[in-house]
Every structure is written in structure tokens, then in C-alpha cells.
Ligand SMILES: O=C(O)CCC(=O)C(=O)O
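In the block that follows, a single chain appears as C-alpha cells, in the form predicted alone.
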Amino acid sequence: MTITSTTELSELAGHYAEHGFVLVKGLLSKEEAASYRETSHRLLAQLNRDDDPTWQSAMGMSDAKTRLQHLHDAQFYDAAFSRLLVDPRFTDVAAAVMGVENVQLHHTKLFVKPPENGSPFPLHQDYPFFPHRDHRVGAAIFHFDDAPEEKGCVRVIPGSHLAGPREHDPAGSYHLPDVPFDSAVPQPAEAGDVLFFTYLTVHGSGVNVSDEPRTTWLVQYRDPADPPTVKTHDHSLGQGMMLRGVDPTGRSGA
């Protein structure tokens, strides 16, 4: 899917401004999504990472122990991800929903929720992990396979971004203990769909109880003119890379 119409981009931006998120259907073709899925699983198998990023606060969301596979900075392991980072189908939407011309990389994470017990994420904002002055920071979740509700699809609380930053529990991986998980609306997606949301939008995801893995790639991006208030994620390779336009500050990854 190629979004070239300014009207289409304006409609996506309007939905994003009102609800804090927008699901773009078919941004990648089914064939592209399948190729990225294969590449993702091959990388994880080759690298043989055994660290599990499951949040401690997620342990009470399932009767059984859950698990999760992940990889930071996939674009440094396979050029296919580098090409996707600068694909105008992605960057034009990212710019439109933020209301800016320039889009800068913050970090990326590849996630695979294994079948039957793929770990959930409690409800949270991304804000406390890397706060910025003007909150022009967003995320895009690329779905490389279908993500129905039984696979633990992303859930969001529409309009929650309008209340601004919230107090999080630092002892529980910065989740929001006072927000009921059931209050978040499931966002089932198909392979090739991309979910865009602001880092102030309250979101999470459920347990994958299906018999298939759920494969996604998270790209966090920002307006380069919006400075961080706390320097975090310094370990993220490529932070500061321009995905669209220019960095008017010359600050790069700072």
C-alpha cells in the first residue's frame, strides 16, 4: 500500500490526534510481511539469544509462566530492516501523524511471542522510559504475521494521550497498576498492518494463547527538534539516524 494522497495522510493524522493511535492496513504486502517474518525468526535462531525481556509485572497476568524473544537493533543484523526504516510508506505516515517534516530514529526492537505462552505487556505509556520536552515521540508496530486477540494483540486506551504523562510504578517496569487491563481496546491486525501511536498513549498486550507465534517489529521515532529530558537508551545502535528529512539541530543521537 502506498499512501500518496495528502488527504489520506491528513485523515490518518486526524485519527491519531484524536485517539492517540491509528492502524494503517496493508502498509506492507502479505509477501513482504512473510519475508520479514522469515528473516526475523532466522535471526533469532542464529543469534540464539536466551535473555527473556518479560516484565516482572506481567507475571500476574497469566496462570502459567510466559516467555518472550526479542532483538534490539535488527537493522544492524540484516539490511532488509534498514531499508524498511527509510521506506516512504512508513516515514511519510510517521511525519504526518507527528505533524512534522523530519523523522529521527530513537530505537528498534524485534519481538516474538511464542505460541501458547507468549508474554503479555501490562498497560503503560512509553513516556517514562525516554521522556522528551515536547512529547513529539511515536512508535510504529509492524506486524509480520496475523495478530488476532488470541495471539496477544496490542491494546490501547483511545484518547489516553490527551491527559499527558502519568505516574508509573518504577518497581513494576513502569506499568500503570491502577488502570484495568480490560479497559484497553484490542487492536487485532493482519500481516502487513502497522500500528502508529504516540508515546503518551496507554497501551499493552495480552498473552499469546494460540498455537502460532506473533512476530512484530517496534520502531520508536521522534522529531529531531524535540530534545530528550533524560538521556536514556544510549545502548541503542543508530539512535539519531535520520529516517526522513534533516536534523535541524545538528544534535544527532544526543
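All values derive from a computational prediction rather than experimental measurement. Each residue number is its position in the shown sequence, starting from 1.
What follows is about the form predicted in complex with the ligand, which we do not show.
Colleague: Wondering, does residue 121 line up within 4.5 Å of the ligand in the predicted complex on heavy atoms?
Modeller: Although the ligand is absent here, residue 121 would touch it in the predicted complex, with heavy atoms inside 4.5 Å.
Colleague: Can you tell me if residue 73 lies within 4.5 angstroms of the ligand in the predicted complex, counting non-hydrogen atoms only?
Modeller: Looking in the predicted complex, residue contacts with the ligand do not include residue 73, since no heavy atom lies within 4.5 Å.
Colleague: Do residue 109 and the ligand share at least one heavy atom pair within 4.5 Å in the predicted complex?
Modeller: It does: once the ligand is placed as it appears in the predicted complex, residue 109 has a heavy atom within 4.5 Å of it.
Colleague: Is residue 126 part of the interface with the ligand in the predicted complex - any heavy atom within 4.5 Å?
Modeller: Within the cut-off, so yes.
Colleague: From the list 200, 44, 218, 191, which entry has a heavy atom within 4.5 Å of the ligand in the predicted complex?
Modeller: Looking at 200, 44, 218, 191 one by one, just 218 meets the 4.5 Å heavy-atom criterion.
Colleague: Using heavy atoms only and a 4.5 Å cut-off, determine which of 154, 84, 98, 140 is in contact with the ligand in the predicted complex.
Modeller: None of the other options qualify; the answer is 154.
Colleague: At 4.5 Å between heavy atoms, only one of the stretches 182-190, 201-209, 222-230, 29-37 reaches the ligand in the predicted complex; which one is it?
Modeller: Contact-bearing stretch, as computed: 201-209.
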